[in-house]
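Okay, here we've got a single chain as structure tokens, the form predicted alone, with questions on binding and movement later.
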């Protein structure tokens, strides 16, 4: 092949290699195991649907009872038989969930780079890179600082500390897989602490992860009707 033709062919291929895949939707089967410091144990199982453009988190619970939970903006809705039977007002946390952060490519730092948080220091310890983040002044009565640990460029853990230097909660992200090009943890362990300092555990596992599934539009934008 003539040299100029070869060069032309390379330039024609360059745009193909520069196009990155956009991740919009994620669907997965989940199980959530909860064990409280008082000895109470709970198990929930079902499917989760999330589309970052619609920004509804839809839990299709299968066990221990069939029901739908939808979180949109600052309200979580419980639906039975297609209609709302209960609502809970809360803080809008959808964009701080593993679903949104993974789809947006911001999971490795928990999205803090694009927030008002600032880095205080970065340390290395036993193969981990640990970054200490400070919140804006107005939030420091609730959260004094957040420690983010990374291993091999993947989010490994999050520790939240209050103004009294007490640990509020810990989260560990484990067993990453690549699903259709998306890196996603299949196990999240969360430890929260009671006012007495006792530990409560929640272990969430994911399987059958599907990315950019466009077969069940209804579930990703589940209607909230009364």
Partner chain sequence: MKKIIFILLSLIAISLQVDASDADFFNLDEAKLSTEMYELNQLEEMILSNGYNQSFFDFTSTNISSMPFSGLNLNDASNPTILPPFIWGCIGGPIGIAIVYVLSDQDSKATMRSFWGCLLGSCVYGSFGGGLFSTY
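Fair warning: this is a prediction, and the values are worked out from it, not measured in the lab. Numbering follows the first chain given and starts at 1.
The protein also exists as the form predicted together with the partner chain; that form is not presented, and the subsequent description refers to it.
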query: Site check 115, 146 and 192: each within 4.5 Å of the partner chain in the model of the complex by heavy atom; finding: yes
query: is_contact(residue 53, the partner chain) in the model of the complex, heavy atom dist at most 4.5 Å; finding: no
query: Distance check, residue 73 to the partner chain in the model of the complex, heavy atom within 4.5 Å; finding: no
query: Exercise: residue 172 in contact with the partner chain in the model of the complex, heavy atom 4.5 Å; finding: yes
query: The partner chain contact at residue 201 in the model of the complex, heavy atom, 4.5 Å; finding: yes
query: Residues within 4.5 Å of the partner chain in the model of the complex, restricted to 31-48 and counted by heavy atom; finding: 31, 32, 33, 34, 35, 36, 38, 39, 40, 41, 42, 43, 44, 45, 46
